[in-house]
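One chain follows as structure tokens, the form predicted alone.
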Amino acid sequence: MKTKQNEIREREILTELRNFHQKDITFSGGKILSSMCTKPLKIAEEARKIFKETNLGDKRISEGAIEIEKECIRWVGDLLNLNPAYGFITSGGTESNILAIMEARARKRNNMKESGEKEEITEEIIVPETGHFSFDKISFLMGIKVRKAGINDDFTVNLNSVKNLINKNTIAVVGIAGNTEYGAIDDIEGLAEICKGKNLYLHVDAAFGGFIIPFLKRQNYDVRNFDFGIEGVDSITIDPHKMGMNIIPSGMLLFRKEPKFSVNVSYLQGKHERLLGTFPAGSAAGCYACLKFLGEYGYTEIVRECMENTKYLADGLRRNNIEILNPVLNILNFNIRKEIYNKLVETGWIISKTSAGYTRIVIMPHTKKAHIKKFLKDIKQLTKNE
């Protein structure tokens, strides 16, 4: 029974939470320029509420949510040139990458068993130096050695370096389609040729670029291919909570073939293929809502605006005689003195630096031209005062 005392206590708790939230910096304020996440669509927030108590990890009680997940995988599979498609909604790129390497390990071990190989190996994966930090977590969690391949001047993986690192212990090679620091797209076709020749699993981490590159191609941008249209690509990570406009957390992992890895769970009366035992169906519902609401046209327009704003920022920086790296996606890198960088941070701009020392800006859908104008104005003033 809801008593007057309970109502008062409820209001007090909600007030406390709102006060905590006021300490957070929100996307709508326009000062967050380094996040790969963004403000989700309103319809995605509403979709989550409908499925707030549904567990995708228990297939017996989530028939509708399972259908939603399959529809999302089918839609994104079509986007990535894969039909039929297999896969899952996940919590994001880290979980997707873990599951992909678990699948690579399962296939390698299964192949060794079928061929009668008994030799113990120290399992290794090859990841570009620009790879996401989730692969270092994979190394710790799974006891797999991560060998870092060198990169080219454009921050893409060096194919010769990959070739030189492959040995009998290699179970997978990873390519990046839109790396975290620079937005560079690795030569996935070149990696696929290498992996086919060595019968190696190829995983593509397109957590950021997956919801951008296909829509750039629709606008005739000259960007590299990365998807399942390339023979030899085995799995792809793609994140709806980035440019997909979904709620946080929300990732996806797609496989060319039905995955082998699973565990039998008696009390769930079947196989369990996910990393998380309990998984919120709200992520799948939000993804479904975004895909249906936006469609190809909506995503194309979002990408178009982000790229136009990226170009606007690049042109403004050039006018201030600031050296930039030509952007491939909506990630812009440029050189400014440490003193100016620090002053921008002091004035409230949320920006970041790459491992090579470049200032890094990510132009997401919440970043509008008015915000960029203010940022450029602050840089101009700081440069003038130096």
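Residue indices: 1-based, along the sequence shown. Computed from a prediction, not measured in an experiment: that's the story for all the values here.
One more form of this protein should be noted, the form predicted together with a small molecule, which is absent from this view; the next part is about it.
*Asks:* At 4.5 Å between heavy atoms, only one of the stretches 173-181, 266-274, 101-109, 152-160 reaches the small molecule in the predicted complex; which one is it?
*Replies:* The contacting stretch here is 173-181.
*Asks:* What is the one choice in Ile322, Met36, Ile340, Ile350 with a heavy atom within 4.5 Å of the small molecule in the predicted complex?
*Replies:* Contact residue from the list: Met36.
*Asks:* So in the predicted complex, is the small molecule close enough to Asn97 to count as touching (4.5 Å, heavy atoms)?
*Replies:* Close contact exists here: in the predicted complex, Asn97 approaches the small molecule to within 4.5 Å, heavy atoms only.
*Asks:* So in the predicted complex, does any heavy atom of Ser134 sit within 4.5 Å of the small molecule?
*Replies:* Contact with the small molecule, yes.
*Asks:* Could you confirm whether Ala284 comes within 4.5 Å of the small molecule in the predicted complex, counting heavy atoms only?
*Replies:* Looking in the predicted complex, residue contacts with the small molecule do not include Ala284, since no heavy atom lies within 4.5 Å.
*Asks:* Can you work out whether Gly93 and the small molecule are in contact in the predicted complex, taking contact to mean some heavy atom pair no more than 4.5 Å apart?
*Replies:* Contact check for Gly93: yes, within 4.5 Å of the small molecule in the predicted complex.
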